[in-house]
Ligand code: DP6
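Just one chain is shown here, as structure tokens, and it is the form predicted on its own.
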Amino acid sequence: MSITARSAPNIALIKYWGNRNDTYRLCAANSTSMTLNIPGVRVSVAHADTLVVHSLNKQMTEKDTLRFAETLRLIRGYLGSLGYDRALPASLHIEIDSEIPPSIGLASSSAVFSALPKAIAGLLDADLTDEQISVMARLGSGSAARSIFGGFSAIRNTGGNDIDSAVGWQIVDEHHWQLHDIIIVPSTQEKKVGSSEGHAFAQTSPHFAERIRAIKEYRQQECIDAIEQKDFEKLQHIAEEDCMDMHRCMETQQPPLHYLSSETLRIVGEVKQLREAEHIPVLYTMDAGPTVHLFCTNEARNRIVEFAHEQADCTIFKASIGPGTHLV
């Protein structure tokens, strides 16, 4: 029997960067995001004699397979703590069908590793809550905990270093506020250093501690307030502030990471000019890659789509707020 789950990226408004525990991917601070409806990922799991990880869209390396093996080991331990000691079989056959270009700042790992535990829960027929499945997702990719939920979601640190000390939760569902993410991809070339590797050195930045303090003291709550109040101007201010702060930390950690390209910065500059000239509700944000995410309201969508298609040699995705991870 094979079970399939579908997920999509979540794009952070308050970014997750840096861990307090790398093994369990316990984030150093809370974070907030919007789950998209596209591009999607389907992950199918079935019982197997040996671990097989097969992707229909990319060549899986030994490093990729080891990441899945370690994630399954951690999930097995977490399920044991919930009373499902022998629920997960020794090995699985995992098949991935992804529409997301990998390693370009489009949260492909968060989509894959949120679909995986949802499919596992279906295979085991285990009575798990979405919060428990979010913990399982986080063990594969820290931000994956947020993609379990539709609409706007967050990761809450509960303190300590236990495996369940950071949990995903839903702020509001996808029907609360209809926002769009018009995604401009300047380059589909995979980045040389992945997010997982970069997290390990985040605390070497001289700006890291101050960024974590700002998130704890005001950014996270202001972002949540803006979402609940549908206050786009407030959301724009806090999301852009946190995005550029994260990239400043990346660029000053050792070794430094420069994910934003000259094309990224050009597009951001033109978005600022467009916003000022036409008074359009649009905000920009970038994850760990050159890809630019333009969040906008219904009234601004057509103009932002037009702007996106004016960008030469870029791949464009037209996403909206989505329903979260689900079985198919």
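Just so it is clear, the structure is predicted and the values come from calculations on it, not from any experiment. All residue numbers are counted from 1 along the displayed sequence.
There is another form of the same protein, the form predicted in complex with this ligand; it is not shown, and what comes next is about it.
Here the chain stands alone, but in the predicted bound form its contact with this ligand, taken as any heavy atom within 4.5 Å, falls in 286 to 294 among 37 to 45, 52 to 60, 286 to 294, 262 to 270.
Taking the partner from the other structure, this ligand in the predicted bound form has no heavy atom within 4.5 Å of any heavy atom of Thr252. When contacts are judged by a 4.5 Å heavy atom cut-off, Asn157 does not count as touching this ligand in the predicted bound form.
The shortest heavy atom separation between Met246 and this ligand in the predicted bound form is within 4.5 Å. With a 4.5 Å cutoff on heavy atoms, Gly142 counts as touching this ligand in the predicted bound form. Distance criterion of 4.5 Å from any heavy atom to this ligand in the predicted bound form singles out Ser109 from the list Ser109, Gln236, Gln132, Ser153.
The partner is absent here, but in the predicted bound form a heavy atom of Ser195, alone among Ser195, Gln170, Thr71, Ser205, sits within 4.5 Å of this ligand. In the predicted bound form, this ligand lies within 4.5 angstroms of at least one heavy atom of each of the following residues of 16 to 52: Tyr16, Trp17, Arg25, in sequence order.
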